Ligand code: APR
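A lone chain, given as structure tokens: the form predicted alone.
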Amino acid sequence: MAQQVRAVVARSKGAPVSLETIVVPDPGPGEALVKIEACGVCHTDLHYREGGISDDFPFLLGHEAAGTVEAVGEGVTDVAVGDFVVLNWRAVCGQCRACLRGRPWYCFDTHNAKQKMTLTDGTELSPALGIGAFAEKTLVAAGQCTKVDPAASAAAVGLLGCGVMAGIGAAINTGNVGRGDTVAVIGCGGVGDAAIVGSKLAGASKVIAVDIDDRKLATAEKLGATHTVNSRSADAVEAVRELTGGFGADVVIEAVGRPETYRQAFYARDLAGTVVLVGVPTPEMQLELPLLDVFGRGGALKSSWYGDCLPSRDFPMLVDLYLQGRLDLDAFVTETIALDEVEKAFERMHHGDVLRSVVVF
């Protein structure tokens, strides 16, 4: 039988979100019903509310989540009732050209639950990133559930569902940061700070944090940055070069998603270095670079999709590091809030003093 639960819904563009009763179907073939324990408030949710992703209102927001599997549909074998899982928005298909070439982290045909959750009047909801976890329970494709150690804090490891994984993966998976490498991270929000943590995990000898906010730089330093640069008062490119013997960093991670900061990343890298774009640009943005510089500087210009992660591989490994005390995911949880405080959390995003507000059920 379908269940009625409380959830946060964005009904129209730019309007405050509301706490509503929604209807969640029983899982069908290949689907899982998950009781949510915690869900982070990500900037992507705000983009949905503002109409920056699509106009498919009403949206069921929330996607950085962990919880317990309550029911599974026909054919589901990878997870079972009672499993503690982290949700992800890129459930790989196993059949597309990327998967068949052994690169499932690039899967071109990721999928979500086929059934729709609805308002009580039958209006279909669009779940954010195919998840919709600002809800007491949500329906997802079973492949969006990754079983992890239940000893972990749901509020902390749920953040692997988006921002923290995107940043760590940008460093480790996409940037291939190695022992002794120099790294610069431009933009020290949640994703940029996670890239700093990932670079530190990978053994980088020097991690340079670049931002325009001293408070964010202070947080970046606590999370492992060896040097900080306030690009309001210093030229970011020159500062990174000065800190790397005049050469530039081996890997520069751009976690803002703007043409100006991408150009900084491009010129702040060493010859044959790597630029990783993990910040998400808006559709109208354009980038101009001299083609001769693209050729002459060599190296690689990469985009990082969700940290190029493979949840079945990366989530359990990172949760184990967390439980061993080697990965401080708790540091990303600035505050825990109730379900009806999501709108206030959106407002706090603009103050620059929050890595993540996390809804705890």
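Note that residue numbering follows the sequence shown and begins at 1. Keep in mind the model is a prediction, meaning the values are calculated, not measured.
Below: the form predicted together with adenosine-5-diphosphoribose, not depicted.
- Stretch-level contact analysis of 69-77, 245-253, 129-137, 191-199 against adenosine-5-diphosphoribose in the predicted bound form, using heavy atoms and a 4.5 Å limit, identifies 191-199.
- Among residues of the shown chain, Asn112 is not one whose heavy atoms approach adenosine-5-diphosphoribose to within 4.5 Å in the predicted bound form.
- With a 4.5 Å cutoff on heavy atoms, His43 counts as touching adenosine-5-diphosphoribose in the predicted bound form.
- Heavy atoms of Pro104 never reach within 4.5 Å of adenosine-5-diphosphoribose in the predicted bound form, leaving it off the interface.
- Taking the partner from elsewhere, Ile186 is found to have a heavy atom lying within 4.5 Å of adenosine-5-diphosphoribose in the predicted bound form.
- Proximity to adenosine-5-diphosphoribose in the predicted bound form, defined as a heavy atom within 4.5 Å, holds among Arg90, Lys206, Lys216, Arg241 only for Lys216.
- Only one of Leu119, Leu287, Ala98, Ile212 lies close to adenosine-5-diphosphoribose in the predicted bound form, with a heavy atom inside 4.5 Å, and it is Ile212.
- The partner is not shown here, and in the predicted bound form the stretch 310-329 never reaches within 4.5 angstroms of adenosine-5-diphosphoribose through any heavy atom.
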